[in-house]
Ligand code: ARG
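This document opens with one chain alone, in structure tokens, the form predicted alone.
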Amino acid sequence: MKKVVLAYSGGLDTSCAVRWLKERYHCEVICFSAFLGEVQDKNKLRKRALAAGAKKVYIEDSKPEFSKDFILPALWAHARYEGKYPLATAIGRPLIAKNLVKIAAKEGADSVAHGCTGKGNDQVRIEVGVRTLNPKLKIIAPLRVWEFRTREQEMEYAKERNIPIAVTKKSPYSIDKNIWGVSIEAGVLEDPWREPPQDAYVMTRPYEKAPGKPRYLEIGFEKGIPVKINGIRKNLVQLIESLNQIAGTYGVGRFDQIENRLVGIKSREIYEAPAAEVLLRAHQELEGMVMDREFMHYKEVLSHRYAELIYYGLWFSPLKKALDAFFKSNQHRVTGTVRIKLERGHATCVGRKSPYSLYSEKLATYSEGDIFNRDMAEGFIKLWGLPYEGMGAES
């Protein structure tokens, strides 16, 4: 091994990993940091990586790529793992894998590395992504194989080697955050009977502290892409970040879930995803207005499978790509506006309109102006039920 590209967060684990990789494998270490949420101090991050022993550091604001190439397809698919989790963390990992492979090719590296533990899903998502894109790359997971068993041992290692780590009081929670949502676990959350304490949440306001007066938002879509809030045009990153702030104020987008991890264990996780909750609901309501029944019902089945593929780390798989094409195929019709009412902990669709609407008030109404021909109903019912006539009779 001559050169390795490390997915670098700037924290204790990956900073120790820089030096550990150099000492264990006598190789050059190149660090890659992708910001999928708020951009931290790039200069501080770069200095820390170089002080830890990195030969070179790549730091990228990946929010535009993340929103366009990763969030948007998941939005079109209405992807929620096990019916709740909007997959924020799971969507971010294939982007990291893609960039590790890209930088490895650019730098002539023969290996990549990450700071995931041996119990979670993220190790699978990154490693399967890398192997799908370039199976020749060697993958190293220091946290699965190194000698450290405690955080204190890592801190001592960093101190001995003058690795500049800002040691603060460690949060009892494990938190992963990007613009599509936050995943929170560990600490008291490991007791599935215990209500999550308020200090566990980082994006949403408690319900009892949310504004008492409802707020209405009009989300404008063009060809499936959310482009406006209350008539004001925003790019996708700006729109998501605005909705996180607005809907988060109302406590929208909290999920408390016992989920089935890919590695076979159940875990208790809480999630916050204000923008995801609003946009998934708005897009689904608008699509339901412009698409036919058979499409919508079949899409529900495929959405469930699609969410599993993402959660299982199969973002770059042939089936995932095929489903992407299906979900994208009719987005040109998903144009219009959805009105969302925000209340404490709730985002409710209270209106929708589209030039492609299949809804006809004249057919649906029970009032004056009804044009539905009731004479057709009897024949329709007879034909519909014809295959089942007599099947329920006792022999």
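Just so we're clear, the structure is a prediction, and the values are computed from it rather than from any experiment. For every residue, the number given is its place in the sequence shown, counted from 1.
Keep in mind that the form predicted in complex with arginine is missing from the display, and what follows is about it.
A.B. asks: Does each of T89, R125 and I184 have at least one heavy atom within 4.5 Å of arginine in the predicted complex?
C.D. replies: All three within 4.5 Å in the predicted complex.
A.B. asks: Check each of F221, W315, Y85, Y250 and return the one that places a heavy atom within 4.5 angstroms of arginine in the predicted complex.
C.D. replies: Contact check passes for Y85.
A.B. asks: So which of Y157, F255, Y201, Y311 gets a non-hydrogen atom within 4.5 Å of arginine in the predicted complex?
C.D. replies: Exactly one listed residue reaches within 4.5 Å, namely Y311.
A.B. asks: Among 114-122, 320-328, 139-147, 287-295, which stretch sits within 4.5 Å of arginine in the predicted complex, heavy atoms only?
C.D. replies: Every other range fails; the passing one is 114-122.
A.B. asks: Do Y271 and arginine share at least one heavy atom pair within 4.5 Å in the predicted complex?
C.D. replies: Y271: yes, in contact with arginine in the predicted complex.
A.B. asks: Would E259 count as a contact of arginine in the predicted complex, using a 4.5 angstroms cut-off between non-hydrogen atoms?
C.D. replies: Within the cut-off, so yes.
A.B. asks: Should Q238 be counted as a contact of arginine in the predicted complex, where contact means heavy atoms within 4.5 Å?
C.D. replies: Output for Q238 is no: heavy atoms all beyond 4.5 Å of arginine.
A.B. asks: Hey, in the predicted complex, does N230 get a heavy atom within 4.5 angstroms of arginine?
C.D. replies: Contact check for N230: no, nothing within 4.5 Å of arginine in the predicted complex.
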